[in-house]
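Below sits a lone chain in structure tokens, taken as the form predicted alone.
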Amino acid sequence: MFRKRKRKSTGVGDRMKNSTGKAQNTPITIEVLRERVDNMEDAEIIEHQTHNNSTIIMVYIRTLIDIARLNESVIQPLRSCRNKNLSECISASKITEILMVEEAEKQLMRGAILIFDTDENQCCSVNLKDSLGRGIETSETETILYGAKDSFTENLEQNITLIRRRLPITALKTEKFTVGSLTETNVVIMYIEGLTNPKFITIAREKIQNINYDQILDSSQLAAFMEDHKHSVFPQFQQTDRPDVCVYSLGVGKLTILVDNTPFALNAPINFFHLFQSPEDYINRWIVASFLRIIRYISFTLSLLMIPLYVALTTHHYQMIPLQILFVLVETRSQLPLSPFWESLIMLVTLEVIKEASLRMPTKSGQTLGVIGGIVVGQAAVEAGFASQILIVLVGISAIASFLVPNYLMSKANTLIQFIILILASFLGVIGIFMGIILLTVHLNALTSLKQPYFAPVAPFYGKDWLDLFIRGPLHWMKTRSESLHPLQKWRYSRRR
């Protein structure tokens, strides 16, 4: 009887059109531009008389431009100039002629000043963007003892500079895009021409151009629209704030994506094993780097399986536990009211609460909360009879092991997978753990990053890439780039020996 009528959505462009009563591609006039900046307190419209008795009207957003540069590059030259041509009077480096009001709006909101010559009916824009931002600081998410200490900032051009200083070659190309109908965020793809596979560039370019969303404020949001598998817990882009990591990725045939107003870049395509690599792997001696990388893989496995294995053995397979250890378990669990599953689940959730709370707190308070909170809660849980001492030890080892994964997004994926395997272990025991491992392997084998296999070089198999997989071989042995990335230049040496 009742039918719901579908409402026609009105885009940002349509709302702007309706509010002004003008069609798109409107020729620029000072009257139309006055309407567009109406009710903007920081918008300035200044009229100025030149020596030729010409009327110059300047329109700009006060909070977006550099006022000192405005006086030095525009106002002072116009006062002393006797030439009728605006471009010859202004001492700014780049002057662009504006014909349409839509282009004038874009330039205005990006930190440009619009100059109207009413006698000549001419309009031009001068870029006077105020370069706000913080200085270059040490990375807080990927800390290392040796190596470069600089990290990206929220300034896009500054981030490009940090990469170009390390790669001073003309083959390093950049392509710029704009995403987000409201934010109009600048996105830059960087790659080495003649090295990076053009297929990767084409796929990334198409994915960015197909983004239809109003706000893109961070590189992680951009990655959410570009990922091949949007519902997976595993990241398909490597997110980093280190320029040296991006330079290394570019040098092996990947591409780097920079997003304005965020200090984190995206590297792609990646595989599962790239997320376990640290910048220090290529600074330490190869034997030390290989040992540390193996430790990371072992720690990842322990953090996944230690607690589920405890639940499986104490619930379904207690006969597999050595007799002396079994006596200790029986004694510690004799007074506990909860089953091993609920005991482990509560302690793991409590641990995640403490982790998140320490991250949200101020730096010094967060460190204190993380250490003291874990000790106090663990000791109180044992004394209150909610958890056994053995479980507290295992949870502590599991938590420390999870911190060894260099990538933060991978560590969070690790936590979710641990809960899934824990549930399987509580119902099916060791068989459930094996089922979880099989499902995890199948899922990893099905993922892709920019259409490239996520589980390479294991599946598909690339034997030469194993020299920089579970270990980090000597640099003079790694003569070729990764075959799984299909680079156009296979050899790393500029001269074949």
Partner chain sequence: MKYKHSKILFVIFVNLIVISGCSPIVENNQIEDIAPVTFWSIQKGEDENFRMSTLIPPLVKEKKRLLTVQVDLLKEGMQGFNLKYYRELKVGQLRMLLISEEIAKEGISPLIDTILTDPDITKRLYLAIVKGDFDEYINSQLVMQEDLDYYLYQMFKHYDTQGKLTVINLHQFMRTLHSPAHSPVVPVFEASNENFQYQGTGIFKNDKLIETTNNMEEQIYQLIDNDHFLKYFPIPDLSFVLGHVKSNVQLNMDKAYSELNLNVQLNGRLDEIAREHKLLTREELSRFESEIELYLEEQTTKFLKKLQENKVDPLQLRKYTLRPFSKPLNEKEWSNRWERMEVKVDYDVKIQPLTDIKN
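Numbering follows the first chain given and starts at 1. Predicted model only: the values in this text are computed from it and were never measured. Rigid core: the largest C-alpha set superposing within 1.5 Å between the two forms.
This protein has a second form, the form predicted together with the partner chain, left out of what is shown; the following refers to that one.
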* One stretch from 111-119, 175-183, 399-407, 330-338 that, in the model of the complex, holds residues within 4.5 Å of the partner chain by heavy atom -> 330-338
* Asked: So in the model of the complex, does L323 come within 4.5 Å of the partner chain, heavy atom to heavy atom?
  -> yes
* Using a 4.5 Å heavy atom cut-off, state whether S139 contacts the partner chain in the model of the complex. => no
* **4.5 Å heavy atom contact, T315 to the partner chain in the model of the complex** => yes
* Asked: Counting only non-hydrogen atoms and a 4.5 angstroms cut-off, does Q319 reach the partner chain in the model of the complex?
  -> yes
* Structure fact -> Contact with the partner chain in the model of the complex, heavy atom within 4.5 Å, among I56, I431, A43, L444 goes to I431
* Pick from M435, V37, V458, I30: which residue has any heavy atom within 4.5 angstroms of the partner chain in the model of the complex? -> M435
* To do: Note yes or no: does the Cα of Q324 move by 2 Å or more between the shown form and the other one after the core is superposed?
  => yes
